[in-house]
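Okay, so here's just one chain, in structure tokens, the form predicted on its own.
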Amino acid sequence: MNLASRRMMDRSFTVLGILSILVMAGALLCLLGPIVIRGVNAFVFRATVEHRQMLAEKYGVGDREAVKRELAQAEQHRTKIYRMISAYEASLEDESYAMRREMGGELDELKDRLRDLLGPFPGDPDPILMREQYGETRWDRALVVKDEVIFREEYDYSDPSAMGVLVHVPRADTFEGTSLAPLFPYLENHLSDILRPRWTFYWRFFTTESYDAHFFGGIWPEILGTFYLTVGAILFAVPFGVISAIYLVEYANPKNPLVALIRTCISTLAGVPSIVFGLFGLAFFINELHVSESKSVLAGSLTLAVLILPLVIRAAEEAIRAVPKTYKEAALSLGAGRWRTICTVILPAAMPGVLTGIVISMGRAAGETAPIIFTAAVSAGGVVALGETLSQPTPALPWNIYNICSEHEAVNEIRHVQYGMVFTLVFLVLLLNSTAIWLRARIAKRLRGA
């Protein structure tokens, strides 16, 4: 190959490398962009006066007197809406029974939507559910509910050859010519005065428990539960993984069929679906060994430890093999035994590589859902104290993310919580990985004698 052809190939590979990096960066932006933008919206948003009232009454947070003044100002605009409804209800008394029945149903539907937006009407009995005690606490959700007040969803079946088409019909057409007709333009023009939105940083999203199925409060139990499970899995997996790697590299005979079988089993375990590990944890750790009576953080940590064990073994093996043989020969020539050489020379030199495997394992353990479904995770629960991890289950970010998006009765109303959990999980994994990378860099720097 002549010099010109070699230069052309070098430039081609350089261009391909740059393009690959750009494609990967674009893919990461497409993946993480919506997570970050919508995840931040979970704790940085425009809160309504209903949100400030809820914080003052349920958490004792904020200036109660200022909240009362805001509520009084908002009540001036809400009173006009209540008067329109009362006037219309009075006018229905003079109508026929059929008209009262038809329009009464329309009025009840309208009032239900208004209760979702503004909270209970004056004179309503005290609601039981916390979500019904207040109106919309977030401005973005208030705009959605406002449209549900102004428009009614119907299906258009005018085309017999096609399925029904969803259309939005203005409710004002139903109440045209009545005392309720001015309500809809008034609500649209004065919604800001009625709910008084204000930008807020809701830091309690990370530090409080959830209330009323994540309609209010935060995700602290899920964060703490994820941390417990991840750290517990590392504490169990790392010692066994490193010891196994030392045996396979330093002690085992590579020509022994049993050793070859062990390596094959390790490689096979690395490819087993995670749901299988969950069933194994339920059958072995809970039903057979009885580490806990039912689900617990301990059982979940042990299951995740088995899941990440092959990764830890493989990473530790490669790190130990990468240590120059001269290190071992120098230690043995000075009279050190094999085990002393391993502990004082080989392992410290291999520690950066071992930590790399731990970093990868931590990320996988923190994000796994299937193994903890049967062994550790619950959909709702409070903060688990450190002493209760041996016997109590815990909420966890991966499982609760899945549970909210697939099984929650009002998933669209708390979509911000789902994205907030995803953002927190990604941030938590990055934080754990950054800590491990920083620790690895310090160890490597110390080994270099810097």
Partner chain sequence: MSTEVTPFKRRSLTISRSASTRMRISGLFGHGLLLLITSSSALLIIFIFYYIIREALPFFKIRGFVEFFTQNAWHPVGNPEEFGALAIFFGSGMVTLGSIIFAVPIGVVAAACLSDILPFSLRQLTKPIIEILAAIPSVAFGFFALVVLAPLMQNHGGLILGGSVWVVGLPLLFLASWIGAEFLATRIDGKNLPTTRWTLRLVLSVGGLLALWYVAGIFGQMRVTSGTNALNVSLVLGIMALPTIVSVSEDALQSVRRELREGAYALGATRAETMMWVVFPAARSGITAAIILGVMRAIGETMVVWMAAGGAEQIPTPWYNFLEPVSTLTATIAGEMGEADHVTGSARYHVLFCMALVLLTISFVFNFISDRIIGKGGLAKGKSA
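Quick caveat, the model's predicted, so the values are computed rather than measured. Rigid core (definition): largest C-alpha set, two forms, superposition within 1.5 Å. Residue numbers count along the first chain shown, from 1.
Omitted from view is the form predicted together with its partner chain, to which the following refers.
- For the three marked residues, G271, I275 and F284, a heavy atom of each sits within 4.5 Å of its partner chain in the predicted bound form.
- A heavy atom within 4.5 Å of its partner chain in the predicted bound form is found for exactly one of R83, R101, R340, H168: R340.
- When you look in the predicted bound form, the only residue of I243, A322, A90, A72 with a non-hydrogen atom within 4.5 Å of its partner chain is I243.
- Only one of 91 to 99, 285 to 293, 187 to 195, 172 to 180 places residue heavy atoms within 4.5 angstroms of its partner chain in the predicted bound form, namely 285 to 293.
- Under a 4.5 angstroms non-hydrogen atom cutoff, its partner chain in the predicted bound form has L32 among its neighbouring residues.
- Remark: F236 does not count among the residues lining its partner chain in the predicted bound form, judged by a heavy atom distance of 4.5 Å or less.
- In the predicted bound form, none of the heavy atoms of E106 sits within 4.5 Å of a heavy atom of its partner chain.
- When contacts are judged by a 4.5 Å heavy atom cut-off, K111 does not count as touching its partner chain in the predicted bound form.
- Shown without its partner, the chain has R415, Q418, Y419, V422, L425, V426, V429, L430, N433, I437, R440 in segment 412 to 441 as residues with a non-hydrogen atom within 4.5 angstroms of its partner chain in the predicted bound form.
- Core-superposed comparison between this form and the one not shown: the CA of G337 exceeds or equals a 2 Å shift.
- Comparing the forms between this form and the one not shown on their rigid core, the Cα displacement of L282 stays under 2 Å.
- Here Q133 does not count as shifted, since its C-alpha moves by less than 2 Å between this form and the one not shown after the core is aligned.
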